[in-house]
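For reference, the chain that follows is the form predicted alone, supplied as structure tokens.
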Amino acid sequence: MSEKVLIKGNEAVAEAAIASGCRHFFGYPITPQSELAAYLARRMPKVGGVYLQAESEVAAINMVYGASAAGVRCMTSSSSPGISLKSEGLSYLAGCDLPAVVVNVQRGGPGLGGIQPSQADYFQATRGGGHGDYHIIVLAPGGVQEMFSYTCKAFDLADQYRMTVMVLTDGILGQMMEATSMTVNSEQATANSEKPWAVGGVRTGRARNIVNSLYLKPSELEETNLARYEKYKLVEDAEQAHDSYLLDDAEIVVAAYGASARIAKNAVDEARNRGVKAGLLRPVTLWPFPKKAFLEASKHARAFVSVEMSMGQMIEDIELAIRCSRPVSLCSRVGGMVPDPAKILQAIISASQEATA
């Protein structure tokens, strides 16, 4: 068994990036993400890496664009308003088919909002965030251990599909501390393998590549978009991921991700104690959304309850996944407020009563 260390979620992400071969970080401080950047400011120089605090979030994402085009593993991180500023850069990365890792430690909004945890960036993350037709892969860890392991996975997926991968977490997970194993898988050994598509100039001895998202001929732009969406279909088929708890015979399925899922699990246990067959279905990938798992659960479920720290954003994907075949109710808190197990339990009981009425 590997040795575990007690570490904060934001810092676990930073260590995972280093373990994955990332040596280029570009960021800008914002609460509740700032520990991640501060940690890498200390660590990157010690491992021969580059830490650069940009003059703005806009500058940081464009530095990621440039470093990725050169073929190195790179990342940035921010919290909700900062991700909004990066949205144009996310679109440019997609338009050039460049791999990158972006971490969003969500806080309340809209606008400056507050510094408390939120999950109201779901639409922003799963619908791209910037202009044009594109997707990014979105991973939603449920604890500090997963913040480490999913950040490692994010770099692998980014390189595999030449896409941006977002690690979507929140202020609770970013600030909490848990015992975490820092073991990486064998794939990290090839972190900086040759990327024949990357730019490099004449010194590399390879062909001069051009990274570009501008197509003045509409037919060429259409072709690139159609080809990109063929890749997205492969991602949807291969990368849907979820976790479940007491789901096999569940009549009321609670859907939640991130910190909300940790809270919802307690409510599921109490519902079972009261004779309600409840279960938890936790999306790990928010895009691609685990449609197959939800559709399968709908075969035995009588109702779904979506637990979110938003006004109800994931609930739309649940309804689409199950093709509106079962009622889906919302249990949420917003603005930095956190759902409590008692409120979730009441939502489960209400859904059960309505389903049998």
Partner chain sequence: MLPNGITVLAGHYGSGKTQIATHLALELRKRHAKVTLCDLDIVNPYFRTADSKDLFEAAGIRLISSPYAGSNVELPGFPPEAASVFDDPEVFSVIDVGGDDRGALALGRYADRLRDGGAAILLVINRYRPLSGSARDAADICREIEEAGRFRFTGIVNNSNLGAETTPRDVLAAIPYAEEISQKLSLPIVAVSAAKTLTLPETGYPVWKMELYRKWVSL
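Computed from a predicted model, the values in this text were never measured in an experiment. Residue numbers count along the first chain shown, from 1.
There is another form of the same protein, the form predicted together with the partner chain; it is not shown, and what comes next is about it.
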property: Heavy atom of residue 99 within 4.5 Å of the partner chain in the predicted complex; result: no
property: 4.5 Å heavy atom contact, residue 117 and the partner chain in the predicted complex; result: yes
property: Residue 38: touches the partner chain in the predicted complex, heavy atom cutoff 4.5 angstroms; result: yes
property: Exercise: residue 259 in contact with the partner chain in the predicted complex, heavy atom 4.5 Å; result: yes
property: In the predicted complex, segment of 171 to 179, 123 to 131, 242 to 250, 68 to 76 with a heavy atom within 4.5 Å of the partner chain; result: 171 to 179
property: Heavy atom of each of 143, 235 and 288 within 4.5 Å of the partner chain in the predicted complex; result: no
